[in-house]
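Coming up is one lone chain in structure tokens, specifically the form predicted on its own.
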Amino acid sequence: MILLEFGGTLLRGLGITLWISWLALLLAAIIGMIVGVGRTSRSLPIRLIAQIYTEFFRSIPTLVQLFLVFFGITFVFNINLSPFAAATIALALEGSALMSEVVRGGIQSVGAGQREAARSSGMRAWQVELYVVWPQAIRVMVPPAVGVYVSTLKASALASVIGYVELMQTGLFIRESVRGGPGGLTVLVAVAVLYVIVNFTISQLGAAIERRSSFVH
């Protein structure tokens, strides 16, 4: 059976997909945190820069970003990026724009009255942020942050267009090797099922974290 023959290859492709999407999400979380905080800054220039960054990278299709990073950086800076590096950067840029909205929404979900009450009790500004704002904001951020990761993982399938071999490209290679037909369809269905299993698992983990966070607090 074709899945017995190529199952290990598909699982390796899945591992590569998980690796690049996790790495991209880590970078996206760091950049998105900075940009998201900038979106809530009292400084108008900082807010404008953060908003422009968010709208720019959120509006460009993933496929276009992949080409811009892979070919654009090579052309402008004369740096030969590997498909892995280019895909990671492109996915991180898009993910960071989405994460910045998650962070902004989480911070703004904490009412101004709670900040004022904390300040009036003698807490300093950094203490208000650390002990009052962020614990509540993180609970709000968890569900949409999970959604960003699922979106990033699915978008990683497009990395094949610049030569990066992940799960989708692995499935296409196997399909070509068996010359399409029922076997090729079986491989594509298996790829789809693997995406469903992983994304469903991630969604359930995110829901569990959210429930636990709500219970603790």
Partner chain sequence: MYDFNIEAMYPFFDKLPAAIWTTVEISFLATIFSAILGIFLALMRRSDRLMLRAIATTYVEIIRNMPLLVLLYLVFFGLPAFGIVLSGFLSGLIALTLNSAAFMTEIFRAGLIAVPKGQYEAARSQGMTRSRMYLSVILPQILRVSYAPLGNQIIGVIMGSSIMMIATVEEVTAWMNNTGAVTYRYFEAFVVVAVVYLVLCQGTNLLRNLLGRLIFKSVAAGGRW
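Since the structure is predicted, the reported quantities are computational estimates derived from the model, not experimental observations. Positions refer to the first chain, counted from 1. Here the rigid core means the biggest group of C-alpha atoms that line up within 1.5 Å when the two forms are laid on top of each other.
One more form of this protein should be noted, the form predicted in complex with its partner chain, which is absent from this view; the next part is about it.
- A heavy atom within 4.5 Å of its partner chain in the predicted complex is found for one listed residue only; from A29, M168, A50, I174, this is M168.
- For the candidate set V37, A157, V178, I46, a heavy atom within 4.5 Å of its partner chain in the predicted complex is found for exactly one residue, namely A157.
- Its partner chain in the predicted complex is not approached by A145, whose heavy atoms all lie more than 4.5 angstroms from it.
- In the predicted complex, its partner chain lies farther than 4.5 Å from every heavy atom of L93.
- Put simply, L98 is close to its partner chain in the predicted complex: some heavy atom of it is within 4.5 Å.
- For the chain shown alone, V76 is a contact residue for its partner chain in the predicted complex, at least one non-hydrogen atom being within 4.5 angstroms.
- Along 60-94, these residues reach a heavy atom to within 4.5 Å of its partner chain in the predicted complex: I60, P61, L63, V64, F67, L68, F71, G72, F75, V76.
- Once the cores line up, the CA of L11 ends up less than 2 angstroms apart between this form and the one not shown.
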